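Let's start with one chain on its own, the form predicted on its own, as structure tokens.
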């Protein structure tokens, strides 16, 4: 297993390099001179040229990329153009909120899609409700869901704070009430898509002979659903989790912006608005590496759920 993990990680290295090269060249071409961004629009050409030369911005882009990658591998992502803060120092405090938000969103979506759809079998009232929620989650944009939740639970009912973030040091309850709506917003799309995938596989598995035999032995519909059907129906959902992680990163950006969550998403948005190239590139690289690792974890979970499958 360890050999397989190492091999998968080594195969992911070229993908990371290719994506960062494309991102580096694309953003560099769009933003123009970094010195002009740092000095502002009022700076004269001579001052801009001097700063470009002193910081190596006048070198070929491939040389600049190799220099940046070499420093990035050592944990040095440069300094922000807008705040002059070390990029690593700006990113590290924002990693945990984003990871927690993404993990809880996937967990809520997966448990909700599998458990609720398994319980809804044979219940004519529950099934349409889950189908409506699934369609709404897939069709409504993240920001619209977030704004709707804020209007309902914050403005109308006054149950939850509209925006902001409360760390664990403020207490479990304070942290929970601040993270609840962001998690529901980010998980809505995945609950809908996971429900559709799981429901289709569930119906196919439910017709198999061993399920009918278990039902004939007197097991309840709920017992058969959770003991026999669910473990064999969840595999496509695990696969879909792996291929949807890139979309999860984009959803986190929107969700964190709507609820003012101090994560990588809001940092990335601020970097785009301020044309802060080092921060944009560092956050993008972190997300790329995170998606690669998460896909590997999804493959490993897949083999644990179904031992008949082995990674090659």
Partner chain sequence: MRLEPRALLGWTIIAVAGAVAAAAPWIATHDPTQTGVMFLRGPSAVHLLGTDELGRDIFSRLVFGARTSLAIGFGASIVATVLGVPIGLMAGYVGGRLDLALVQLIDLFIALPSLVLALIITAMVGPSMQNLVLILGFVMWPTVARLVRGQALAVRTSVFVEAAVAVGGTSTWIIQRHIWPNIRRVVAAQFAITVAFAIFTSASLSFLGLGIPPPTPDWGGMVRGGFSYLALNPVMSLAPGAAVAASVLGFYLVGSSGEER
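From a predicted model like this one, the values you see are computed outputs, not experimental measurements. Residue numbers count along the first chain shown, from 1.
This protein has a second form, the form predicted in complex with its partner chain, left out of what is shown; the following refers to that one.
Of the candidates 205, 196, 106, 72, 196 is the one whose heavy atoms come within 4.5 Å of its partner chain in the model of the complex; the others do not. This chain appears without its partner; in the model of the complex, the one residue of 140, 235, 130, 214 with a heavy atom within 4.5 Å of its partner chain is 140. For the marked spot (258, 269 and 284), a heavy atom within 4.5 Å of its partner chain in the model of the complex is present in each of the three residues. Interface membership of residue 173, defined by any non-hydrogen atom within 4.5 Å of its partner chain in the model of the complex, is ruled out. Put simply, residue 27 is close to its partner chain in the model of the complex: some heavy atom of it is within 4.5 Å. None of the heavy atoms of residue 48 is located within 4.5 Å of its partner chain in the model of the complex.
Residue contact with its partner chain in the model of the complex: residue 148 places a heavy atom within 4.5 Å of it. Looking at 164-172, 216-224, 140-148, 77-85, the stretch with residues near its partner chain in the model of the complex, meaning non-hydrogen atoms within 4.5 angstroms, turns out to be 140-148. Within 4.5 angstroms of its partner chain in the model of the complex, the stretch 6-21 places a non-hydrogen atom from each of 15, 18, 19, taken in sequence order.
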